[in-house]
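Below you will find one chain, with nothing else, as structure tokens; this is the form predicted alone, and questions on how it binds or moves follow later.
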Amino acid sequence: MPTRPSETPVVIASNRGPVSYRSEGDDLVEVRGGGGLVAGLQPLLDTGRATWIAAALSEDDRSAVARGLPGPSGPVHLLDVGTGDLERYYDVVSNEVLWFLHHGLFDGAHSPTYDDDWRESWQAYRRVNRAFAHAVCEHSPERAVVLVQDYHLTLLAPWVTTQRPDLRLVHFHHTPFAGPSEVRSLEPTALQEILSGLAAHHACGFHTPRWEGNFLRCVDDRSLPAPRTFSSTLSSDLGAIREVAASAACAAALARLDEQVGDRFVIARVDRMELSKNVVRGFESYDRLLRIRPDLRGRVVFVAHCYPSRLGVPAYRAYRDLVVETVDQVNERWGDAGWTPILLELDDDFTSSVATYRRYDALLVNPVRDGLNLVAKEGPAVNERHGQVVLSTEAGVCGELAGAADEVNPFDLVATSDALAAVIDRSTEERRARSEQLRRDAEARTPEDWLADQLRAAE
């Protein structure tokens, strides 16, 4: 008897998994992973019909693997691929090249160089993908659906399908996908392998039709057979975020924030501190707003939760320093003894971020390019002040929030500062109408919808 879709076993393959480990004395403590990917796929683990394969990313993770944690029969398998290969696969290929490529961050001043070190890194990327392929073959039940997540794992499908033709592989690409002219900046062998690897899946998914279309044009440009494709936007687990918002810890964080900002108009952002998030231009737009609107000085405050990310990559370390320097300059230029224009929080404290979601009057989300951007949905879901959203047209989520968010070109400082001014001056009635629409749009999709789209694509 054939297996019904509801009973089909599922294997998930991703760089970061649903658990990691932290040492406490001689013990290793399991820590549940966060983020939209875990929220979207965790329900499969909870049903007992899924196995999750991920990389051991830290020394504590590798110690857990060495100790047999999690157990070999458990639903999560961490792969120790070696620190050397992990750094090259993750920092060099994935973060320094593929992330920059798909987020439109390469230009004449910053472009990749393909030397002997790159070739060693590309071989490491291939080895890590092959290690995942072997693990998928080993741990996949017969006729399982394999959900491969993101740009870290683009090469495993050809190896898996050769050894396990019974499996159905669906790849989901969480970043944007660069267009044909942009991908030509990638080293030709790597580009051919990546596009061929993705095309070897039964189906490939993307957050928006735009990224889906870019991929299909790239495949066509190389005369490769196109797989089935689909677009499906992910949403955060808003129920879990609302639980945080209702917690005593969040109430305490909100009280501390209220003490800092008083009754001022709060502009907010919550981001990783990296180049695609366009943090510096956001502060520069705010700087212009304070220059052209002296009446707003002392009346507004910018609360920014910007936690450092990927500090193993030199460009990210330099960007962190530039963010801090820009904040210092704005505060020195406009601040006084009773008012600090920008309150920069560098700790990755989700509870404090949710408190800021509750309190903001305007949320600035201005990435250079984003596959989706969950912050633009999370904020409106828990905001308590009819908060508005100023949103980059290059964020994948822009299509979902069209008409309710204030759209801006991410490179246009004038348009961004003017949008912030318009939000500040907006009537109570319009603020209420827009915020209610933002909330409805944010709630329109659930993580379960996104997961269901991937499983349907495997049929």
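Quick note: we count residues from 1 along the sequence shown, nothing fancier. Fair warning: this is a prediction, and the values are worked out from it, not measured in the lab.
Just so you know, the form predicted in complex with another copy of the chain exists too; it's not on screen, but the next bit is about it.
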property	result
Position in contact with another copy of the chain when the complex is considered in the model of the complex, options R126, H134, R288, R297, heavy atoms within 4.5 Å	R288
Position in contact with another copy of the chain when the complex is considered in the model of the complex, options L322, V330, L195, L343, heavy atoms within 4.5 Å	L322
Contact of D116 with another copy of the chain in the model of the complex (heavy atom, 4.5 Å)	yes
D406, heavy atom within 4.5 angstroms of another copy of the chain in the model of the complex	no
Proximity of W159 to another copy of the chain in the model of the complex, heavy atoms at 4.5 Å	no
Contact flag, R264 vs another copy of the chain in the model of the complex, heavy atom cut 4.5 Å	no
Residue stretch of 54-62, 31-39, 429-437, 406-414 approaching another copy of the chain in the model of the complex, non-hydrogen atom distance within 4.5 Å	406-414
Any residue of 213-246 that, in the model of the complex, places a heavy atom within 4.5 Å of another copy of the chain	N214, R217, D221
